[in-house]
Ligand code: IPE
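Single chain ahead, written as structure tokens, the form predicted on its own.
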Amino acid sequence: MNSNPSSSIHTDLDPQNLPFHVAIIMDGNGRWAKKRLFNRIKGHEKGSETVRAIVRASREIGIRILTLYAFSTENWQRPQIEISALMTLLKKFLISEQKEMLDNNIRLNTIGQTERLPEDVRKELQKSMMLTRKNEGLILNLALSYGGRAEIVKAVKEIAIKAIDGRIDPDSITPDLISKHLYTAEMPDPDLLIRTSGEMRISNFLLWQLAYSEICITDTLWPDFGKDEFMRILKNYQQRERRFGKVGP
């Protein structure tokens, strides 16, 4: 008998019914730190360790796309000292994980207004994306300086310009056409959205793409979120019936 509960959960998963695309709102770093009388930066540092663990777990079990809400357009309103610390952590993460991404066939991608990131962070981001561009395993999709409404506005502007120029007939505008003008144009929509820390909202994340995603909210703060709970959520996902507005069998 297998005495490792994590391994048992892993083997209980149906490999034919895994979500192709998992999106996660990583929430709770600040509260995790506050509960322990640490400053918020310590929470973000601990949270980056969870990112590493969940990326590894996703690759091991065969998730194809993992989108992580790492920094929102609204996060620019936080205190400058916290923003600077987050950017430093992001840069360190990119540098430290380059070898692991290369060794484990992980391709890095990003969505959002990355032009707003500090130049040194953008350089490391571009370097990691270039180094991993030919990898064909897990796609690690980082949402950086990302906002769902801003993404939709960007798409509408692009389509409007093409319509004015005569390149698009307004009558030909469909949901599929709009999807092709989003940051996630080359990706299927998330099958599963996970939000940690118990908050019951999607916080301007993938507003268009989450239309028919299964949603799981866990009270666990992001730094405490681990592989075992991730596997339990995936097991729960596999027990759901996805109807996409239709009548089930």
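Quick caveat, the model's predicted, so the values are computed rather than measured. Numbering starts at 1 and follows the sequence shown.
Beyond the structure shown, there is the form predicted together with the ligand, which is absent from this document and is the topic of what follows.
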State yes or no: in the predicted bound form, is some non-hydrogen atom of K35 no more than 4.5 angstroms from a non-hydrogen atom of the ligand?
-> no
Close approach of I54 to the ligand in the predicted bound form, 4.5 Å, heavy atom | no
Heavy atoms within 4.5 Å of the ligand in the predicted bound form: does R59 have any?
-> no
Distance check, A70 to the ligand in the predicted bound form, heavy atom within 4.5 Å | yes
Non-hydrogen atom within 4.5 Å of the ligand in the predicted bound form for each of R31, N75 and L86 = yes
Tell me, which of L66, L206, M26, L193 has a heavy atom within 4.5 angstroms of the ligand in the predicted bound form?
-> M26
Does anything in 44 to 65 come within 4.5 Å of the ligand in the predicted bound form by heavy atoms, and if so which residues, in order?
-> H44
